[in-house]
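Quick heads-up: it's one chain on its own, the form predicted on its own, in structure tokens.
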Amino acid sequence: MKIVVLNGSPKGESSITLQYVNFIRKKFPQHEYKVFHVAKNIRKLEKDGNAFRTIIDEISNSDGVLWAFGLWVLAVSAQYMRFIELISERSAKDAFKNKYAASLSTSIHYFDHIAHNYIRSIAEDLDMRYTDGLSLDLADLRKKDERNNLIIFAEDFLNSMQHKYPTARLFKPMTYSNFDYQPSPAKDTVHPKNKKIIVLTDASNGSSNLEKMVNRFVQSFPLESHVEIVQLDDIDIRGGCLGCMRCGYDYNCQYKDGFADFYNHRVRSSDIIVFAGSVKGRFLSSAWKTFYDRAFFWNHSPSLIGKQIGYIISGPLSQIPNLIQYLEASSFARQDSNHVDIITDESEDSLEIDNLLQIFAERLLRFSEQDYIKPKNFLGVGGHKVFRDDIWGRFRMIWQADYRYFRAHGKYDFPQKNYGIRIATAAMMLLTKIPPFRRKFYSNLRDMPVKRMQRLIEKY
């Protein structure tokens, strides 16, 4: 059988995930494998239609496609997304139809499920027969059990192709609306005082819903407030993140364009940041992913501390819960900032959208004045522990800037450091070995925490 491997790492042959692919190739040498470094060569594929067509022809003549990638800021790389956009833009979807597909990634398991959900949904949108996805740690190839899991995963993929097994579909096709948003002039304005507000957008069509929503949002503030609107196309970004990790030492990106300066002096200096984009495929545009990927020069350290963050989205966002979680994670899990809300045009009611945008502006400003930052939920708490453990441990020598930041800001909050809890827990565990004490302890366990809270409430 013939398998096309679409390598989504901008590092090409130096991709860690590709070494896992090479392991599969060695274990199953009877099959033909064609590897294309689509992320690394994305600029060439954009300019050279023949190079792109060569890949599409190979896919058309293959039995299956293995989507192989590393994690780039909660998802696949911007370059990989751009290749997926080209499939649609150049009407190459038919080459993928009924081909078997699987996804393989390596990472530290930080939101790897978002990347796999994205690839599976793309594969299903291309009418492929998706079998499974395997997410491995960067070092799993060294472990016998994980090598065996990789072999089983590959066998299943190959057997599915050989025997034409049916595959389940998880994601429904997306439906788009032709709704034309017609905003009304803002009747009231909210005064931002000394708060700096920036809106980042990739809206390029003056008549698009997104641009009209952005303009209506800005009208919620007085003209003299000078809310800044920045088009992504106007930012000096010369390419996507290369995964070189040189920024790990001191937050300095190897690119010599204007992005780092823009991000540090115009985005990070703002109090309120609104990201505005349109749904494209199963994500926003690859230009937006480039922005997120390049902002990773701040590594795993929060760079938007204390900011109020919100989103204005045009398109069927409610049909992509995976993207909703990505947006929440971008502002809520990775940053020590406040995720305020996401406003879309899905209600298809212009007056309602006007009101939502007006209230959105008021809430962003009010929360900023109150220095309100919601406590983190699972996305933030769990994500922090993944970063904390790996940056303190095996990746300290790479992400040295992160290590210094985490150490200086109390991010190394390991439970074993809480000696009071350790001593109290050890004493209680000994006491609960005494039957009368154990019976009394568990009989009071249900009400004990509540009584403590009630005593606290009485003080206020």
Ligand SMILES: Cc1cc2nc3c(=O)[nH]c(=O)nc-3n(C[C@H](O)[C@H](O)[C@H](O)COP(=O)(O)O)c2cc1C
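Numbering starts at 1 and runs along the sequence shown. Predicted model only: the values in this text are computed from it and were never measured.
The protein also exists as the form predicted together with the named molecule; that form is not presented, and the subsequent description refers to it.
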property	result
In the model of the complex, segment of 193 to 201, 99 to 107, 250 to 258, 340 to 348 with a heavy atom within 4.5 Å of the named molecule	99 to 107
Touches the named molecule in the model of the complex: Y130 (any heavy atom, 4.5 Å)	no
4.5 angstroms heavy atom contact with the named molecule in the model of the complex for V21	no
Partner contact for G243 in the model of the complex: the named molecule, 4.5 angstroms, heavy atom	yes
Partner contact for L138 in the model of the complex: the named molecule, 4.5 angstroms, heavy atom	yes
One residue of F157, F217, F291, W72 in contact with the named molecule, assessed in the model of the complex (non-hydrogen atom, 4.5 angstroms)	W72
Sequence-ordered residues of 327 to 366 touching the named molecule in the model of the complex, heavy atom within 4.5 Å	none
